[in-house]
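Two separate entries follow, structure 1 and structure 2, each one form of the same protein chain as structure tokens.
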Structure 1
């Protein structure tokens, strides 16, 4: 109809363009819903992202001026460094690079064990919670509590728990597991400190994961289980063949957020061990924090390290999504 109309009009070209433009705008009007978010990002996000990328190619001590719009980098406080910032901690400077790779190794260990630990604790907890008809609300609230209270004060509480005469060793003693006690304190022993931090991280991540799993469990159709039971499947089979695959999307969300928070987090390490003993809990996030805010004042180096970390997190997240997709398609 529109086409027919157009042919009869004297200047079809103008008319046509206006009409389709209008149509295009109308078809895309949904964009208006996203516009506020886009504007906020353009104003408060984009500049900072670009700035941080550009900064990673400069050496800057944080004083004097370094800005992008208008561009300013006044020596000697600010100097162009090219790729030197990256080279320094990746391979060039022996001490820096050694500490960086060591920290990254700790990060990798943490990412793996925190993620596994969170899942291994949260899933049974969610299943138990799902079974507990009576008192579910109360248990749920208590189990979720660390989400709200976790913070500086709580990290300090954990350092007290980890003392040689602290709760953990006492409990192990009462259970007759004296062999497992950390006589030099859980955060003081080279072979236990990282592990002890991982426990606290799991403790902090379990509430959210449990709730996610619980929510997932509640969407699973009970009839699936009934049918499988009829066929004589064991509880273990039910878990492995029904629960786990159906909860897989939840697991992916947990894995991604867990890896992201482990790789970017530093507050806990900062407050509990400051990277010690003898650098056994040094992590990349803490190094970035020290370069950016510490007395060395190398903001360019901090930026460079952040972006290397970003690339890693991004790749890992993508891999996860890829695995997830292939799993769900299969």
Structure 2
């Protein structure tokens, strides 16, 4: 009986099954290399996302206990609010909703002007760099300086430029354009603060857009330009009928990244104006920060705002991708 069992265990079918198992493990051994990244994502990514979703339905000031595994919510510091957090800043509370929609309006204005300004500045700059016979490497380094410089240093430099006795007002005074000066500083006047920030954002976004456009220009076949010139096409025709259509995919990438960065970013506003003067530069990201880590300290409200902002960014990205597909299919 024992010999029969030994023959069964050592039969070719069992050995083949064992070999197959080993082969499967060997073929899927690459999973072991990504397993640490998967664990990190599950702990610090997926868990925090679920935590934020659950938190958006509660009122919690950061004190007391709140957790989802296991679930714990200690009143009165933590109370279930349902959809009331969303209703508060969307329409229910007049003051709060007014500030939220005003901040969202500022985000929309920034997204439009920063995106258009980046394209208008970056495309001609990339074309000029592409035509430069010498010193392209040096020009690229100079253009990339805003990206490699620490953001906090850039923001403080621009803050000094915009001060009442700063560089911009001094230059305007030297040129005799005193009427254009901002006596209270460019960041201190309600009618100029927002567009002053937009200039800084364009200045910071142009380098990457220029590099992307330059890379796109270098993939265009030069014979297309030669053939168009032989047919008598002007420089404007070359730009409009050849360069711009072939750079459309690059433009879509620039538009999507620019809009997303404007809608989600708040660091520059936080450092330069903190939403002032009188909330004329307030953005949604800064409001989320204030509710999450500021004096108001309503983490449930901050989570609810962040998910509304995520939905808006997601919809904008989908619209951009749909426009891109329709243009490419046409």
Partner chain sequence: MDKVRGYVSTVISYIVLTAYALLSLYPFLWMVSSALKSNREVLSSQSLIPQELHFDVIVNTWNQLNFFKYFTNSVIISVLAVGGIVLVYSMAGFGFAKTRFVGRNLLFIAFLGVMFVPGVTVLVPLVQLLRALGMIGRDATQVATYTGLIMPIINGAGPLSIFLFRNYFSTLPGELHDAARVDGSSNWGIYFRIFLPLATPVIATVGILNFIGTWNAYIWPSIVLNNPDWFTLPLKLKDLDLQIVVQWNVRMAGSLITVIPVILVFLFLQRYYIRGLTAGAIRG
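Each form is matched to the other, and the largest set of C-alpha atoms that superpose within 1.5 Å is called the rigid core. From a predicted model like this one, the values you see are computed outputs, not experimental measurements. Numbering follows the first chain given and starts at 1.
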Sort out for me whether 1 or 2 is the form predicted together with the partner chain. 1
So that I can tell if residue 46 moves, could you say whether its C-alpha shifts by at least 2 Å between structures 1 and 2 after the core superposition? no
Residue shift check between structures 1 and 2, rigid core fit, residue 182 Cα at least 2 Å: yes
Following alignment on the rigid core, what Cα displacement (Å) is computed for residue 37 between structures 1 and 2? 5.1
